[in-house]
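Coming up is one lone chain in structure tokens, specifically the form predicted alone.
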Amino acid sequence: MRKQIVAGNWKMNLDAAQSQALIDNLQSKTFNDDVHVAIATPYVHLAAAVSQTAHSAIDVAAQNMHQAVSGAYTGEVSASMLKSIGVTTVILGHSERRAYFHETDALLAEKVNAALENDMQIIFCFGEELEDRKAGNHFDLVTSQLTNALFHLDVTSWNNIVLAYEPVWAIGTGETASPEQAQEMHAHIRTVLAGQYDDALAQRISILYGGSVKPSNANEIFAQQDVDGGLIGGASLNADDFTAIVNAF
């Protein structure tokens, strides 16, 4: 059975006191035991969040990392630095990193390699823009993103990878892909994985949906056969909303 996962991406939100308060609130909640829960805080809160969640079931993830081991990369953070403070999961390829920081598939392949060399878990994001969806190119684009960034990996490396499909037109816009649209793309992703590797790998990989998931639609989205959870943005900043999403399975 595939792992069910709900990960909250806090993006560039919350100061130190607000972060501590939200984690305290989350730790007072009761989560579905069958769901793996993670929060991706800003860099400056990671060490404190790891310490604060040490005796809970909440995992702490980084929102990004650099591909180099070390060097003159002002403002960047390496995989080994994350590991040194107890962070073993990283989000790579988020649509905002691709759009605002011009991260390419080739660069993301390097970041994936660096994370795997440090035995980190990866939540790998990908998805189409609105123009791609309107032009009917969304399946081809998603296939290309997976192929260019991940298909150099061997089967064993996929033990450390979770996929997160993000229809970019549904992130922070209030728009959401219908449950049927989410299922259609997730099924396509499994078909692509099976074609490159085998059906066994395709069926064991968790694929999350990321795109304006909220308590009112999470149950219907998560009920889809090939949707294994969500990468949650805005709703992850509210403990009650995030808990409702985690418990929507």
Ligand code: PEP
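Quick caveat, the model's predicted, so the values are computed rather than measured. In this text, residue numbers run from 1 along the sequence as written.
The form predicted in complex with this ligand is left out here; the points below concern that form.
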For this session: State the residue from Gln67, Ser212, Thr53, Ser206 whose non-hydrogen atoms include one within 4.5 Å of this ligand in the predicted complex.
Result: Ser212
For this session: May I ask you to choose, among Ala109, Ala170, Met81, Leu116, the residue with a heavy atom within 4.5 Å of this ligand in the predicted complex?
Result: Ala170
Exercise. Which of 129-137, 162-170, 147-155, 68-76 has heavy atoms within 4.5 Å of this ligand in the predicted complex?
Worked result: 162-170
Exercise. Even though this ligand is not shown here, does Ile232 get within 4.5 Å of it in the predicted complex, heavy atoms only?
Worked result: yes
Exercise. For 6-42: residues with a non-hydrogen atom within 4.5 angstroms of this ligand in the predicted complex?
Worked result: Asn9, Lys11
